[in-house]
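One chain follows as structure tokens, the form predicted on its own.
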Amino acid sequence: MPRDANAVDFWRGFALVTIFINHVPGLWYEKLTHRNFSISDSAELFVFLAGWSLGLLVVRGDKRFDTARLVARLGGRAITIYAAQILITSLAIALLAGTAYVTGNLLVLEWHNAAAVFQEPELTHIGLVLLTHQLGYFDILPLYVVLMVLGPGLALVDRFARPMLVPASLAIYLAAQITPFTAPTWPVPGQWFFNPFAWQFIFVLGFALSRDEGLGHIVRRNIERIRYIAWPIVAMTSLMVLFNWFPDPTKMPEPRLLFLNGKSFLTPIRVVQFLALAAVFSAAYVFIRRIPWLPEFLSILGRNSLNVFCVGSLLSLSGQIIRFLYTGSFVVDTIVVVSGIGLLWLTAWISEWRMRQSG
């Protein structure tokens, strides 16, 4: 990815829009998102850019804050994201409950792992607060909370033992693939959809590649050579997705996760394909920024990513409810997408307007 902050905001805005669309299953426009041609999807891009943004913040922190203040700043960010997760989960539960009440269809209460909230509310609400119970489509922010809780430790390792950062992260990642292990859910037995022990690796890679030193310096110095390797990977994996050329899981040797395509554990094929995709498309922004309106439209979303993500999550659930009530059609889908993206932009615009007023 390029050092240009505008490019980072643009791609983060792109990820937010595609996540919104992909989180309304069956939507006609879902066919147009890049996950139909790519092994990785916008979740990898979102987490990678979160790590990238943290890396840029730590660089600025080297100039403005001592270590204690930097750690406090990052810890405060984690608390903000946690509060956002609790808020949007509560609103999502209210949306489901309201829909069930209005329609008289109690099956709505079972959508997206919500049944336990209504059937066993005492323990489940404790689980929601502890992040051990997560609603479907509302499970990215819990991962983000964990990663930002690790942020202060990441910043300390970066300052005092930088060469150990990526190797340590890689060791944890490989252990999670080989053993395998993940974070459990409670009170409903299961596991986190986004395994934090695996997904931390792409977060750390984003952090490391944002820097002018170390791995980031090596990649930028050799980016043209890397793209020559990346192009065939992108082309081949696109064919794999289009023609379903994936190996039979039962015929793979142990540890199988090293050879399979798995999103929960962010298996190696997804990491390699995402990095290849990022290398190829990191050159595209030079051309994209010449388009009259698109760069700024998506960049404003990226600059206000937390607010936009939260609103986008609720809009995705609202889109699901609308399609359920009115039966999905091209017209309904178009209304959902156009109004949803418009509201995402309005959320970003209001966020920046409030910052200008307070500043």
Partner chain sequence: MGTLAAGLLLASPGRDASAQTAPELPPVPKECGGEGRIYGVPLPNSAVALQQRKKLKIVAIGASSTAVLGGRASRPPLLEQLLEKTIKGLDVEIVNRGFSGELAEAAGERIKLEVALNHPDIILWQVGTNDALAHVPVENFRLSVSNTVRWLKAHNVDVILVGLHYMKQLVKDPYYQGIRKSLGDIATGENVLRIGRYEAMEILDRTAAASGQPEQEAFGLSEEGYNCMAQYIARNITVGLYAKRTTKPPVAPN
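Residue numbers count along the first chain shown, from 1. In this text the structure is predicted, and so the values were computed from the model without any measurement.
Omitted here: the form predicted in complex with its partner chain. The next part is about that form.
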Could you check which residue among 115, 226, 157, 288 gets a heavy atom within 4.5 Å of its partner chain in the model of the complex? 115
Answer key: of 275, 260, 174, 234, within 4.5 Å of its partner chain in the model of the complex (heavy atoms) is 260
I need the one stretch from 275-283, 86-94, 260-268, 158-166 whose residues put non-hydrogen atoms within 4.5 angstroms of its partner chain in the model of the complex. 260-268
Would you classify residue 25 as touching its partner chain in the model of the complex, given a 4.5 Å non-hydrogen atom cut-off? yes
Any chance residue 297 has a heavy atom within 4.5 Å of its partner chain in the model of the complex? no
Going by a heavy atom distance of 4.5 Å, is residue 188 a contact of its partner chain in the model of the complex? yes
Within a 4.5 Å heavy atom cut-off, is residue 256 in contact with its partner chain in the model of the complex? yes
Which of the residues spanning 90-129 lie within 4.5 Å of its partner chain in the model of the complex, based on heavy atoms? 103, 104, 105, 106, 107, 109, 110, 111, 112, 113, 115, 119, 120, 122, 123
